[in-house]
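Here's a solo chain for you in structure tokens, the form predicted alone.
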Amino acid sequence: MRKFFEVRWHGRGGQGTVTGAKSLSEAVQGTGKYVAAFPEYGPERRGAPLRAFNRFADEMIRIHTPVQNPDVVIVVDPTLIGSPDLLEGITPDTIFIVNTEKSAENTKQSLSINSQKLYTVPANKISFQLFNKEIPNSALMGTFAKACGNIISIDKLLEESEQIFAKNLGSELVDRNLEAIKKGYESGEEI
């Protein structure tokens, strides 16, 4: 891994974007890596666009600036597709993970990306089935494990997430979040 492996999340307030970034960092920390997770808010209100960031490394992380050249871009809210922010600083090796029910091929065209690898996952649908509301972060974490198994395997993600979620959630919600992670891993379409 280069010095840092960096992830940039794009979502809206109230969708669990910041919680997803923090939970992913805590899970990756369980693999022995150093981690950082932090948000960048515009107007702090429900529905406002926001970004969150992760950095993973084998050594201490001493910077907390926004991610400029992401290894992974996670699009929590598909209505943000078309925003130039999504493509800012990407490289040919950047991986996209998009919460959408549209096909990976259609989504790749909508994003106007070419060489980048893309994973689509119906994370809203998964979360609605499990929680009766659209909070897609756990399903997106599962797709992250599928796309970036070199950072965290699905087994380690489930193991670490169970401990993380148990601190704040009742056992039924822990089980549902773990199911969302599994479904996100299984249903991610790659192109």
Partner chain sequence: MSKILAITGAGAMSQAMRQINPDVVPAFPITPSTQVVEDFSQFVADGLVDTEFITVESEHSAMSACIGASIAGGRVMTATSSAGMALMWEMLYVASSMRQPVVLTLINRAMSAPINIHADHSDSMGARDAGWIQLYSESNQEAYDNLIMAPRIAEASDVRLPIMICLDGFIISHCVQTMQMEDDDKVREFIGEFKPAYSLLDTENPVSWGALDLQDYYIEHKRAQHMAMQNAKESIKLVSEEFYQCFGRKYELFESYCLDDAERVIIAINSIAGEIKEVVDDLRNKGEKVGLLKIRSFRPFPYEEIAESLKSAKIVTVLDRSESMGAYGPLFTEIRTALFDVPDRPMVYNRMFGLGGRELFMSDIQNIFEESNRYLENGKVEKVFDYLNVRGG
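All values derive from a computational prediction rather than experimental measurement. Numbering follows the first chain given and starts at 1.
Keep in mind that the form predicted in complex with its partner chain is not shown, yet the notes after this line are about it.
Engineer: Could you work out which of V35, L158, C148, L130 is the residue within 4.5 angstroms of its partner chain in the predicted complex, going by heavy atoms?
Structural biologist: Among V35, L158, C148, L130, a heavy atom within 4.5 Å of its partner chain in the predicted complex occurs only for V35.
Engineer: Considering non-hydrogen atoms and a 4.5 Å limit, does its partner chain approach E26 in the predicted complex?
Structural biologist: Within the cut-off, so yes.
Engineer: Look up in the predicted complex whether Q163 has a non-hydrogen atom within 4.5 angstroms of its partner chain, and give yes or no.
Structural biologist: Q163 lies outside the contact set for its partner chain.
Engineer: Decide whether P122 counts as a contact residue for its partner chain in the predicted complex under a heavy atom distance cut-off of 4.5 Å.
Structural biologist: Result no; P122 lies far from its partner chain in the predicted complex.
Engineer: Any of the heavy atoms of K22 lying within 4.5 Å of its partner chain in the predicted complex?
Structural biologist: Contact check for K22: yes, within 4.5 Å of its partner chain in the predicted complex.
Engineer: Within 4.5 angstroms, counting heavy atoms, which one of the listed stretches 64-72, 122-130, 149-157, 135-143 is next to its partner chain in the predicted complex?
Structural biologist: The contacting stretch here is 64-72.
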